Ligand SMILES: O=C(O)CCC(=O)C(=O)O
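In structure tokens, the next block holds one chain alone, the form predicted alone.
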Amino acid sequence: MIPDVFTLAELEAVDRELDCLVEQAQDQTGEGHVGPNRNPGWLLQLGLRSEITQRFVRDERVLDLISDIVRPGVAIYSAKLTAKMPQSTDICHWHQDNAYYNAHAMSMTRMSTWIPLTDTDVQNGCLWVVPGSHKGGVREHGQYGGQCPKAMGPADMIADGAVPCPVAAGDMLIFSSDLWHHSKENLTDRIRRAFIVSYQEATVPRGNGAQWKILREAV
């Protein structure tokens, strides 16, 4: 967890922009998201959607924080908005991001950044992780329902050593795309949003379709 990366004013501006983008998606699909089998309030391809979201995914402060790990060079793999609606019982089962990402591009240093737009805790669906689980490689995933199309197990799966990661607005979680993680229900009356950007080394020649873009050249 990296504290104080963004100001509250910056997050409020991004949140307002996301309101507009979600409304546009609702006009287009009637469901508030893009593509089949997704969840209310979710949006994909944020790095392509507007000038504000494009600036956010290439923020130099974030790139400085990850450039010693994601190397040589830094490229964007994908960016998306995940949301938990107020009083939602939907959960995202235990999974590893690379169980999805490896189908498009293989990376040795891919990392995900998890940026909440408001304070998150166990009441509104903060992330839970298993520290050190990224060292075991990608496990088999199947279809178990919930917010995530593929997962490591059903809703009652027990992950030994799991810990919650409450994150204040302005702070950021960064983690390996092999790390086990999931999130539970939102038991509050406010939506919980997280802006997720995944980065990989610039020497990997592709990412998730048109979202792939080199942000820092390999040297």
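Model, not experiment: these values are computed from the prediction. Each residue number is its position in the shown sequence, starting from 1.
What comes next is about the form predicted together with the ligand, which is not displayed.
- The ligand in the model of the complex is approached by residue 127, whose closest heavy atom lies within 4.5 angstroms of it.
- Heavy atoms of residue 148 reach within 4.5 Å of the ligand in the model of the complex, making it an interface residue.
- Although the partner is absent here, residue 99 lies well away from the ligand in the model of the complex, with no heavy atom inside 4.5 Å.
- Heavy atoms of residue 80 reach within 4.5 Å of the ligand in the model of the complex, making it an interface residue.
- For the options 204, 22, 11, 196, the residue carrying a heavy atom within 4.5 angstroms of the ligand in the model of the complex is 196.
- The contact residue chosen from 105, 92, 85, 117 relative to the ligand in the model of the complex is 92, the criterion being a non-hydrogen atom within 4.5 angstroms.
- Only one segment in the set 46-54, 59-67, 176-184, 158-166 has any non-hydrogen atom within 4.5 angstroms of the ligand in the model of the complex, and it is 176-184.
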